[in-house]
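The form predicted on its own is given below as one chain in structure tokens.
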């Protein structure tokens, strides 16, 4: 990164300018959700990428491990977002090898802020990248969630968060069903419920596809590290939710008090 910045900065993400007057149609990924549970944090993403009004890809992956104790979920221009995540992974690995220790979760979140801000020029031309960062803070002993805007502005979310085109609907679902004493299994069900609600109202968000066996990516992060739920585990959750929705299409309701 330092070598490129000094000798060929135009090769870095965010430094490449588009020709004037050119409009680029690129696949966009949405939606990402996350929730803190008792002992860690869960982050999940749907599998649909859109290009305008067309489904560009049905099985894109939007949640990636950053290191052993953190993960990044991508929303926005898919190609640039994946490239940014790869560089982020490389920088964290490089830091660990050079310093002999893992960068703090706060430091990781700050580094991602800088990378997003470096893409501001592309974002102003319509190629925005808006990731979500979640991880287990070894110093504080709890899960944490960070959200960003296109300028790199960072906010820490206390209990749950959503980003992407379906985030309004996903956040409403999370707000309705979230409880701070959730177990890891309950948190996994919660985020899939939120993605289902987002897909119900947002055409750019893909819900569980039982026919093609395409299900959300769900990743749990605890003091034992990061674990992506297997396809069998997520499929069981998705099938159970789909069966329940046949009886109650709007999903589970929060009790009135």
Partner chain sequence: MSTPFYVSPQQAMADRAEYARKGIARGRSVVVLTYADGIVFVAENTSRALHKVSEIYDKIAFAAVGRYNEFENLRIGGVRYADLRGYSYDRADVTARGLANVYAQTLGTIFSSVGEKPYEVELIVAEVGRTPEDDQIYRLTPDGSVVDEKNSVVVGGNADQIGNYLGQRHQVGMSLAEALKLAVDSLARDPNGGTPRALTPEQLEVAVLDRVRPQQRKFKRILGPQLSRLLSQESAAAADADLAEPESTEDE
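Source: prediction; values computed, not measured. Residue numbers count along the first chain shown, from 1.
Although not depicted, the form predicted together with the partner chain is the subject of the following passage.
K.L.:
Between 83, 157, 185, 137, only one gets a heavy atom within 4.5 angstroms of the partner chain in the model of the complex; which residue is that?
P.N.:
Filtering the options by heavy-atom distance leaves 83.
K.L.:
Have a look at 59, 68, 209, 38 for me and say which one sits with a heavy atom within 4.5 Å of the partner chain in the model of the complex.
P.N.:
That would be 68.
K.L.:
How about residue 239: is it within 4.5 Å of the partner chain in the model of the complex, going by heavy atoms?
P.N.:
Looking in the model of the complex, residue contacts with the partner chain do not include residue 239, since no heavy atom lies within 4.5 Å.
K.L.:
Is there a heavy atom of residue 253 no more than 4.5 Å from a heavy atom of the partner chain in the model of the complex?
P.N.:
So residue 253 does not count as contacting the partner chain.
K.L.:
Any chance residue 93 has a heavy atom within 4.5 Å of the partner chain in the model of the complex?
P.N.:
Yes, residue 93 sits close enough to the partner chain in the model of the complex that at least one of its heavy atoms falls within 4.5 Å.
K.L.:
Does any part of residue 97 reach within 4.5 Å of the partner chain in the model of the complex? Heavy atoms only, please.
P.N.:
Answer yes; at least one heavy atom of residue 97 falls within 4.5 Å of the partner chain in the model of the complex.
K.L.:
Partner absent here, but in the model of the complex, which of 146-154, 105-113, 172-180, 85-93 has residues with a heavy atom within 4.5 Å of the partner chain?
P.N.:
Stretch 85-93 is the one.
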